[in-house]
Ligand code: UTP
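Presented below, as C-alpha cells, is a lone chain in the form predicted alone.
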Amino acid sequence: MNYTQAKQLLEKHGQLQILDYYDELTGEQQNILLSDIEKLDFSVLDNLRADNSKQLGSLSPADALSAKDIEGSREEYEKLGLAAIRSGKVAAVLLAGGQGTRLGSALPKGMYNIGVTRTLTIFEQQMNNIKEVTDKAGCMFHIFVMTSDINDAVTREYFAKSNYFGYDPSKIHFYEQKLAPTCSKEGKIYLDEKHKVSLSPNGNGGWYASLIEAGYGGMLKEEGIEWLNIYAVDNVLQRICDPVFVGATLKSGCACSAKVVKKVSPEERVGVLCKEDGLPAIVEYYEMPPELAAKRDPDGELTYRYGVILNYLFSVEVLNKIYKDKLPCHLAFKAIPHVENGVRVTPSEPCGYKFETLAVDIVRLMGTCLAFEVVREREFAPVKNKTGVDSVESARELLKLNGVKL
C-alpha cells in the first residue's frame, strides 16, 4: 500500500489523523505505518454506534455435575478420559496473549514469578500440572499456545530456553491471536507511536478462528484430535486435560463442558454458567440481575451458584460448524497509551476503547454444555492482582495448601 492508497482508505473511514506525523517519519517508519494501515479492521468501529446493551432472555440454572456426583463416578470418568487422551483425541489450548502489566511486569503474564525461595513462573507451574496428567496417561498430548503480537517472540524464546519444561517440543505449537485497533471515545483510532497504529489483542473469543488461520486445522484432522481443552494463563491451579473432566464430558454427550466452582457470595465477580432461553450461557457478574444472583434454593445454596474459571472442553466437530459465526463484540473502556499532540502519553484514567470477543460467548453457540464442579481450593487460584483478592498473595497461599514448594 502506498501513501495515496492509505490516504484514500483513511479518508473513507474518517481516520486521516493516523497520517498526522507522516512527513516527520523516516522511510522505514513510513513503511511500517502504511503496513499497519493496510491491515486495519475498520469494522470493529461499528460497535461504537451499535446498541451493545444486552437484553437477557429467560434464565434457569445450568445442568451440573456436582463435586459429590463426580466423586461417585470418578473411576469411570477417569478411565474414559485416559482412553481418549491415549488415543490422541484430546489436546490443550493455552490462552497466553496477555502481559503482566497489572502485576507490575512488562513480560508476558505467564512469565511472572510466583515463587518465593525459588523461581517458579506461571507457565512452569501450569506445565507441572500437565505433567501429572501425562505421567498418568503415559503419553503427551498436543498443546497450542495462543500468544499475541506483543508477547509472541518473548514467549517462544522463554519456552525454548526452559527446554519446554521437559515437554516434547514437537507437541507444542505457537500461534498469534488477532489484533484490533484502539480508539478514543469519539471513535478516532489512536497511534501508539507516530509510526505505529495502536493495536490490542482482540480478546480470547477468536482463539479457534486464529488457530485455524494459523494453519493448524489440517493437524487437528490428521492427528485425530476431537476435543480441545482451552484454559487461561492466570490460574496456577488449572488442571489441564484432566481425564475425569474429559470422561464426564464424553459420557454426558454435550458438545462442550466448563469447569465451575461454587460462588462464595452473590456478589463474587465471576461469570455464571446457566441456561438462557434453554441454551447454555455464561452471564457476567455485572449482567446478572441482583435478585437472581441472590436467589437461593430451599437448602440455602445459591440457585445460580456455578462460576466459570475459564477451563472449557470443546468438540472440534461442533467448533468447525460454528467458529465463523459472528461473536458479540465487547467494548472495554481502558487507559490506553497513545500519541497526543505529537507526544506519547500514558493516561492514568480510562480514555478510549479496546474491542474484544470472549470465549464465553462460544459456549452458547455450542448448543449444549456440562457444568463440571471442581473444588475451589484445588483448582482455582487466579493471579489477577498483585495483592488482595485473586492476587499473587492468595495464589501463593493456595499453591502451598496444595503442596507446591515455593
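Start at 1 and count along the sequence shown; that's the residue number. Given the structure is predicted, the values throughout are model-derived calculations rather than measurements.
Just so you know, the form predicted in complex with this ligand exists too; it's not on screen, but the next bit is about it.
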query: G81, K89 and T249 all contacting this ligand in the model of the complex, non-hydrogen atom within 4.5 Å; finding: no
query: Interface membership of R305, this ligand in the model of the complex, 4.5 Å heavy atom rule; finding: no
query: Interface membership of D242, this ligand in the model of the complex, 4.5 Å heavy atom rule; finding: no
query: K384: touches this ligand in the model of the complex, heavy atom cutoff 4.5 angstroms; finding: yes
query: Proximity of V318 to this ligand in the model of the complex, heavy atoms at 4.5 Å; finding: no
query: Position in contact with this ligand when the complex is considered in the model of the complex, options I143, L191, I85, L95, heavy atoms within 4.5 Å; finding: L95
query: N129, T182, Q177, N311 - the one with a heavy atom within 4.5 Å of this ligand in the model of the complex; finding: Q177
query: Among 249-257, 68-76, 131-139, 96-104, the region lying within 4.5 Å of this ligand in the model of the complex by heavy atom distance; finding: 96-104
query: In the model of the complex: members of 218-236 within 4.5 Å of this ligand, any heavy atom; finding: A232, V233, D234
query: Direction of C-alpha distance change in the model of the complex, R118 to G100 (at least 3 Å); finding: farther
